[in-house]
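To begin, one chain is listed below as structure tokens, in the form predicted on its own.
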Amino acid sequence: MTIPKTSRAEHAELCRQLHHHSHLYHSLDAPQISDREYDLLLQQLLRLEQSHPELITPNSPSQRIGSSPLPGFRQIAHNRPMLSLENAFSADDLREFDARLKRFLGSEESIEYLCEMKLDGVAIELVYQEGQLQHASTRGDGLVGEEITANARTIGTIPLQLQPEAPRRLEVRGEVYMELAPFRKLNEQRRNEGEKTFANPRNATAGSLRQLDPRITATRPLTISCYGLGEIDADRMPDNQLEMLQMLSSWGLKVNLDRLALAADIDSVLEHYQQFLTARDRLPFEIDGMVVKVNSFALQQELGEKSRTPRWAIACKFPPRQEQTRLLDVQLQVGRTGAITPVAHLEPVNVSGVTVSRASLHNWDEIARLDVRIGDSLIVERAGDVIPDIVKVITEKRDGSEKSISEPTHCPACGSTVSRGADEVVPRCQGLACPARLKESIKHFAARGAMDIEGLGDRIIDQLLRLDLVHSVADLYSLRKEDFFRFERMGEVLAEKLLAAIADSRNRPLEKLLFGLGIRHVGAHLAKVLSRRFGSLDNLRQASREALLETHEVGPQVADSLQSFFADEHNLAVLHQLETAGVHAEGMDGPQGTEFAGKVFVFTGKLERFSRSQGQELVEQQGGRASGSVSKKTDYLVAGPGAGSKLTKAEQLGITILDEESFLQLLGSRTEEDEP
């Protein structure tokens, strides 16, 4: 059906007006028309789209009311990881953070910080292309989240269309939350309708974002505050955190600019922390701390990131709130690594708006320190306003009926003997067939850095366990095609691919198997060291403690863990099963040369002749070591095009700098020297 040009023009003009007034209302807090006038414009748009459904686009203001229910949430990868933040709990922690950054930068100059209120909500990412909202996703595990685009479109403070000056592509991170007054009103409505109320605004926010029916999300009073960037394609980049937030606001995104504080040094940060803490109970929303970020983007880039957190930011948590309750019982919980932790079961108590009935006792050293017993009256708090913790026992309320809490000698899940290292605070089960660890053990065993069994993810593992097909990692190699036919949505082609992937993993090198077994303290790097040193699983199993300690990078903790693992009869049975199933892992050859022994290499920039991992492997094969950061201990920096702060720092420290060709020439000369 042909749409009249006048209708198209009217639709475009209504969309423009509604986007404009939404921006004025939500982002600038400066409305030019009344709510009634806005509603009349929206109704006019809805009538037009009802007559001509072809006019409806994903970014039409009409989509604020929600669309049809979704079949489920698909996974979506973040182009740049959404990292977590380290935590600080005291002034000393913040001063140590400041001192640590200065040591890393090699300067005693004061660092300018931006202080932001830490909203108690749910982190999401919004992706805009040519000013249009393309998709939204949750943080997830930081690398992959759930797509919630349909739900995000219903949130009034999330613009569907940015201002004309916005960049061509923009990935922005923000915190979705619910203010206290609307939250209380929502709970009152649910109470009146006989529905279960939400424990706190964050739970209500999380539940609202994960609705499969966007029309339900549209009824929830959600808002957002943007705080950071992912990838961006812009002609001009801001120089610092504050300027970036101001630019986000100018592009139409909601930013709590009036809740920011610029601090010239760490003393000023501490002053702002006290001001935020004092203001906490007067705010219209929940905050659980203050986020401190290095303001300068140049310094942020130089400081870089660790595996899960940026070095240049920290979250300083507020003192937790506490309540009194009673310890009813203690149950033992076994984690993936075999750690056995005591979990307290409490008389339910409301702490900071959350009903608490369980709390962590952490370990038996903590139990002894607190002198806590079953039946005790005690003080419980939400550490960081999230995780319940027991902080004090009210001993004067004891009547003699209280019972002590014994440390276990055997795993409550599989019966294996547990061990507790001299420097460890919890006993551990290292049973490869322990049912409490089984899912995570199989997942770890099959991971890319371990046995790399492609396709063996959460969904498949869950069905393997549900159908009682595996009781240890060794049982994977006994699976038949017929077993997979019992799965939901499993055809012959996929079953054959899984069986082929499992079969291929029989030939992985020893270092992959060692890492995949999940032995305490044996990560991917140490697995490689042990593989080269001992050459076979049998040699490693029979190695004495002295032989283990003679191995470079193996200390008493690792030696004890290895001996404990190989002493367990349950583990030996699984290892025998693996061998019987044809898993004959062989060790890697040792270094091909020793000319790089003691030498430290760092790779940076865009390498074209080889990847960073390949370069690192070449260095290790010649007895050297690869590092991720430049320091005084670095001997060589191999720099490709686009090298940044690492190159600058290397030049300042007088470190030898090589391009790819020079590195390969150096490598070639060394290997030629090693040839007989």
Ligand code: IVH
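The shown structure was predicted, so the numbers you read here are calculated from the model rather than taken from an experiment. The numbering used is simple: start at 1 and walk along the sequence shown.
The form predicted together with this ligand is left out here; the points below concern that form.
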Given that the partner is absent here, does L119 sit within 4.5 Å of this ligand in the predicted bound form, heavy atoms only? yes
With heavy atoms only and a cut-off of 4.5 Å, decide whether Y128 touches this ligand in the predicted bound form. no
This ligand contact at P310 in the predicted bound form, heavy atom, 4.5 Å: yes
Does L85 reach this ligand in the predicted bound form if we count a contact as any heavy atom within 4.5 Å? yes
Tell me, which of I461, A495, A123, A543 has a heavy atom within 4.5 angstroms of this ligand in the predicted bound form? A123
Can you pick out, from Y227, F565, F445, F603, the residue that has a heavy atom within 4.5 Å of this ligand in the predicted bound form? Y227
In the predicted bound form, does each of R139, E175 and V291 have a heavy atom within 4.5 Å of this ligand? yes
To test your reading of this chain, name the stretch in 77-85, 146-154, 482-490, 533-541 whose heavy atoms come within 4.5 Å of this ligand in the predicted bound form. 77-85
